[in-house]
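Presented below, as structure tokens, is a lone chain in the form predicted on its own.
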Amino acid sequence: MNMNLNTDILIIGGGPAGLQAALTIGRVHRNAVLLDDGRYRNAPVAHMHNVLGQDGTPPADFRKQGREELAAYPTVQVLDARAEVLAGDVTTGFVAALTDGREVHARRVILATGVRDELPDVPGLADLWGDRAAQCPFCHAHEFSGTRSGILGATRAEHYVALLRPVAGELLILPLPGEEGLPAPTGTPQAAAPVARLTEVPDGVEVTFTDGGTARVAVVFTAARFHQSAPFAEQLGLALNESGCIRINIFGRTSQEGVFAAGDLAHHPELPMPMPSVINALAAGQTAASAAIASLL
């Protein structure tokens, strides 16, 4: 029995961008297959914020609601499956080889697999990530308003100080190894020694420094690096921005005809990096889906 699938548009990635793309396609009764491998950038986060109408909603509940809404559209099929290889072009069609042995054949592709964060090499940071440690003040700072907030990394401290000063009761810059002696933004205290480890304690984080000293903060903000979470941009030979994200135009089109991208993995070249938020991912998913449908007409 042939278990392979054929569809108009293949969407790879089941986060906000992919779910919104599937909804947009379903609304005009085009066939779509959405592949979701269960890996999400915001998986460690208990509640997402800065999303009108969904502020404070757990990301898993948001995705569950999205899937339930997609069930009303018979032309959209959601598969809990992972693509391993993606090949083809707009002339011959695209083929995604799944890890379970199946193949999905599609006329167009929307990539929405996102990126993965690379945290500074500080013991204990990964255990705090998404809770007592975060990257985005827009998503994470308000809940800690009036408390002492730590800024991990002196190199990006000036940016964080400017953003957090109206929210935090107090700020403390926590240098990483190799950042000793970097000047702190005016009026902002900075620890004398680099951070050795971070440990969660009741109502906060205990910071241990390389000289043996300690400090307490309620939350830690730090800038993470990131990389593509899937190999498809490389497999298809897509053009990338300097950030490592897929280069797209304002319609979500990539450098290869028939391939579109949405969410954190892609951005317009005029931006220095993607705008990582659920709202932007939803908008990008809708735009890429509309453009993919237009290309089929």
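These numbers come from a predicted model, not from an experiment. Residues carry their position along the shown sequence, with the first being 1.
Omitted from view is the form predicted in complex with a small molecule, to which the following refers.
Residue heavy atoms within 4.5 Å of the small molecule in the predicted complex occur in exactly one stretch of 75 to 83, 174 to 182, 206 to 214, 151 to 159, and that stretch is 75 to 83. Using a 4.5 angstroms limit between non-hydrogen atoms, residue 70 is distant from the small molecule in the predicted complex. Shown alone here, residue 94 lies farther than 4.5 Å from the small molecule in the predicted complex, counting heavy atoms only. Contact check for residue 164: every heavy atom lies farther than 4.5 Å from the small molecule in the predicted complex. Although the partner is absent here, residue 237 sits far enough away that none of its heavy atoms falls within 4.5 Å of the small molecule in the predicted complex. Using a 4.5 Å heavy atom cutoff, 12, 37 and 42 all lie near the small molecule in the predicted complex.
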